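Take a look at this single chain in structure tokens; it is the form predicted alone.
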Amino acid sequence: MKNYDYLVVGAGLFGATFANLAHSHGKKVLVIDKRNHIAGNVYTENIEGINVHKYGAHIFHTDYKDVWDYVNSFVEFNRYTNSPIARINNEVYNLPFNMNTFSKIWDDVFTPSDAMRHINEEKNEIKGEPKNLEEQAISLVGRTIYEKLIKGYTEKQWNCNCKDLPAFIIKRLPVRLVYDNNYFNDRYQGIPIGGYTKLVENMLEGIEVKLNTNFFDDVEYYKSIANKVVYTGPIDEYFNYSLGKLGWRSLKFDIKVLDKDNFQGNAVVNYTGHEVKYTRVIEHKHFENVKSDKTVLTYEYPSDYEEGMEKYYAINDNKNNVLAEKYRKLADAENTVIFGGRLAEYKYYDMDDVIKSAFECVKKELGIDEL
């Protein structure tokens, strides 16, 4: 007899959602995580009374009503609206690209047609099919916006000249011809009051969780205690890198506590030029409108992945996509292992898509139409 119906490897959003739903349908579940905390990369830590997003800013947004109702059943969400700004040298612009942005870039822009006149004139610089990311961006929004708001940020993000990056990295750049700084178009948006750790903690209530526990320390043992494994770690690591290692980009964070109540006046400020090495500064208190005489900042530095670092962004070039597909075929042959989440699928996921994916996985696994 197995001890558990499911062993869930990883206490992030996919693992926590699967565990919660399987548990609610009468299944016995054990969740393990090699870290010393739950919640994966959405983990928040309270510093000076402020919930700090330890692995980068996470703003929940979705058009899925079932996902929104689900997360709100565990914790109340506030009405935070993501309205980041971009800073290059001593210039500040609104994001996403909207009429507030265009009217500051060009002093003769007052209407949407004024903005489109400038953008269309500059787009015509590119003739034929764009050959790289730079040409692709210019063909979508023109050179001025590209050089002020895209070029430096992208080159820092990928540690590569935009002329050497493939065009497909940028499929579209939304141009909003309204005076609206809301970054997302989704119907629902907010931050869990009390932080994401509280959300995941409530999702895992009543479920056995073991932290500081690495699946790879004794794979055969962990497989032996459950009927099935739900694996949310890197897919190539599961197969012991037998086909080669997949490529990732990582991040480094510099967290600072300041004796002031307000440093930058906004939760997210992107630095789109090369005058600084970081790509953005997060001021966490603005996510939940915390009143405090201190503030906590995170400076975010993109980084090449090195052994032991966190894997944040899959490098979806042709070489890695081909390799990932080979690993997925190996995963399909593992009858007692379910692979889910961005690491196990080598895919970028927004938080709501992770949860939605877990919904579908549970329904398929349990043979049910409704959760």
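Just so it is clear, the structure is predicted and the values come from calculations on it, not from any experiment. Numbering starts at 1 and runs along the sequence shown.
Another form exists, predicted in complex with ligand FAD; not displayed. Remarks below refer to it.
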Per contact check vs ligand FAD in the predicted bound form (non-hydrogen atom within 4.5 angstroms), the hit among 63 to 71, 44 to 52, 315 to 323, 338 to 346 is 338 to 346
Contact label in the predicted bound form: L140 to ligand FAD, heavy atom within 4.5 Å | no
Consider R280 of the chain shown here, and say whether it contacts ligand FAD in the predicted bound form, taking contact as heavy atoms within 4.5 Å.
-> yes
Interface membership of G233, ligand FAD in the predicted bound form, 4.5 Å heavy atom rule = yes
Consider M309 of the chain shown here, and say whether it contacts ligand FAD in the predicted bound form, taking contact as heavy atoms within 4.5 Å.
-> no
Triplet R35, A57 and L251 all within 4.5 Å of ligand FAD in the predicted bound form via a heavy atom = yes
Here the chain is shown alone; which of N214, T144, N161, N202 has a heavy atom within 4.5 Å of ligand FAD in the predicted bound form?
-> N214
